[in-house]
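Next up: a single chain in structure tokens, the form predicted alone.
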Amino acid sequence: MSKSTDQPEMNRREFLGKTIVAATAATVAPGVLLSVAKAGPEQKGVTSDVRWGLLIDTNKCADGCTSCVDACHTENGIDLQEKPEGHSDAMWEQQRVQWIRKVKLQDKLTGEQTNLPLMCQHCEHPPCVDVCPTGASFKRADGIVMVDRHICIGCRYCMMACPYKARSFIHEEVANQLVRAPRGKGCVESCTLCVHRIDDGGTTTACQDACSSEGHNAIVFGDLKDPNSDISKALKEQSSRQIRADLELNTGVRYTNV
């Protein structure tokens, strides 16, 4: 019996075209259509062409001002944490999460005091990443050092390795939190340079905005690799230094007038 030749022959290009279209949408159940997202420019991943950082002018950092700390707490939901029942004030002060804190330095010779905000320094060679046994501590291609809470086991090796004491451990259950900054008991966390803003196309951090609103303008955020960015121009105009430069970590946070 001869085969029917009634059906039109489908060439290779037509077959591939129809297969690709079919792959972008499939019915997984009656009335339910599964669509596969097509990657576009807006889905472009993090690139090493950028390195985010901060420049902090300690001469402009006002004594007694906590606007940067307060803004960080509000931006990341840290202000939602409450002292657990039965905790003393002293214990709570030791255990409460803090991503940025104000530090006062004093020159032993002259007695001169300097105020500065201290947070994760986003090192090029972060010690926290080196000691993490699970890879939860990691550095993005754009220089931001973060913690993957899904694989953090709470060993706190990273906290011991950090020379800036910039990381906090969550001791208690977190009842209230923000979607943009998920948090959970048993995990370590620290400043992310407001990574949720960056990934959404933002150009400022909460601490910078708050400092500017107070009129101090002590904090500049931007791309250290872009010669035309405000932070790069400021670094060229004035000398700056790293905290613990002797460790050769090449920090993404720099300070002037220290």
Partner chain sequence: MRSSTGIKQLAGLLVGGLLLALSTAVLSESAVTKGSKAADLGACVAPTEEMRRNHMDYLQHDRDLTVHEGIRGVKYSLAECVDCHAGKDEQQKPIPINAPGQFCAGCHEYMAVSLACFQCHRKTPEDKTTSLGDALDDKARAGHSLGLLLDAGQQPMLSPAEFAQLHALIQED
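Residue numbers count along the first chain shown, from 1. Just so you know, these numbers come straight off a predicted model, no measurement behind them.
The form predicted in complex with its partner chain is left out here; the points below concern that form.
Chemist: Is its partner chain close enough to 66, 138 and 195 in the model of the complex that each of the three has a heavy atom within 4.5 Å of it?
Modeler: Result yes, every residue of the spot touches its partner chain.
Chemist: 49-57, 197-205, 215-223, 228-236: which one contacts its partner chain in the model of the complex at 4.5 Å, heavy atom to heavy atom?
Modeler: Partner-contacting stretch among the options: 197-205.
Chemist: State yes or no: in the model of the complex, is some non-hydrogen atom of residue 85 no more than 4.5 angstroms from a non-hydrogen atom of its partner chain?
Modeler: Flag for residue 85 set to no.
Chemist: If you check in the model of the complex, is residue 169 within 4.5 Å of its partner chain, heavy atoms only?
Modeler: Residue 169: no contact with its partner chain in the model of the complex.
Chemist: Under a 4.5 Å heavy atom criterion, is residue 165 part of the interface with its partner chain in the model of the complex?
Modeler: Yes, contact at 4.5 Å.
Chemist: So, in the model of the complex, is residue 150 in contact with its partner chain at a 4.5 angstroms heavy atom limit?
Modeler: Because a heavy atom of residue 150 falls inside 4.5 Å of its partner chain in the model of the complex, the answer is yes.
Chemist: Scan 88-113 and note down the residues that get a heavy atom within 4.5 Å of its partner chain in the model of the complex; none is a fine answer too.
Modeler: Read in sequence order, the residues that approach its partner chain (within 4.5 Å, in the model of the complex) are 93, 94, 96, 98, 101, 102, 103, 104, 105, 106, 107, 108, 113.
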